[in-house]
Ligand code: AMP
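What follows is one chain in structure tokens, specifically the form predicted alone.
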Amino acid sequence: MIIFKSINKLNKEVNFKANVGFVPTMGALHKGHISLIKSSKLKCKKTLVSIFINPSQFNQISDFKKYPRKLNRDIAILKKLKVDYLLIPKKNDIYKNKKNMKVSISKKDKILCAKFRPGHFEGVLAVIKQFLTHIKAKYIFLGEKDYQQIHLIKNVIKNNFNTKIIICKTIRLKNLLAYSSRNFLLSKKEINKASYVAKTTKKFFAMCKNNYKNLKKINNLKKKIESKGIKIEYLEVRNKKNLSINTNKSNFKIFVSFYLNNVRLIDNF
């Protein structure tokens, strides 16, 4: 595995005319990331992984500081997976051209996470745009857990780049909790509570699939989760194609965001 500390050096040494798959991460790698990497290795001749903890997508500096950092462990995992290239850029490398970093999202997209984390997706999209301007990968691999993020990245790519998005399914623990780097910040008790959110939401989703009218009982689901001492930020039903509120039995998804001891988690079913 070749490790690059700058995008310029990466560009000089990597032939992007070959079939290259790109997996952007913020490190603290888990089975979800590993699934994305394995998908890239199956589909592409070469695989590039990036590790960059993007400060502009954090709403609070305390959240940025406490985000898990496990670089030596991550490198060992990537070497074991026989990843071809690893990019670990510095902040100045990404943010050196601030004019190209300006990204805005429309009013209709300021829903779900965007409503509660102002500036978060602008930060995500700015870095993705910067990456793809220089990294001419054929494919970018993204996990379905970050559903709204994928929806917004699709718009950026469609209007600016030739890279194709490959969406990979959410990888879960046996207790149904979705793998997340933030899980490293949770105690066993909090892991169990997060698992409860996943199990009850999935059960409710199945109940609504069976009888769409059950969606009217979503407030009961919220109360049930909150009765366990879990702080719900949002629990909403959206159209899985465009994230609008216009849904029917075949196109709805349930989105949830919640806090456990100031650690924010998201999921969707």
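Start at 1 with the first residue shown and count on from there. Bear in mind the structure is a predicted one, so any value in this text is a computation, not a measurement.
Only in words, not in the display: the form predicted in complex with the named molecule, which the text now covers.
For the marked spot (119, 148 and 258), a heavy atom within 4.5 Å of the named molecule in the model of the complex is absent from each of the three residues.
With the named molecule omitted here, the record of contacts in the model of the complex names 135 to 143 of 157 to 165, 111 to 119, 135 to 143, 85 to 93, defined by a heavy atom within 4.5 Å. Proximity to the named molecule in the model of the complex, taken as a non-hydrogen atom within 4.5 angstroms, holds for one residue of 26, 237, 207, 232, which is 26. Using a 4.5 angstroms threshold between heavy atoms, residue 169 counts as touching the named molecule in the model of the complex. Mapping the unseen interface onto this chain, residue 46 falls outside it, with no heavy atom inside 4.5 Å of the named molecule in the model of the complex. A residue is said to contact a partner when one of its heavy atoms sits within 4.5 Å of a partner heavy atom; residue 64 fails this definition for the named molecule in the model of the complex, lying far away.
The named molecule in the model of the complex is not approached by residue 126, whose heavy atoms all lie more than 4.5 angstroms from it.
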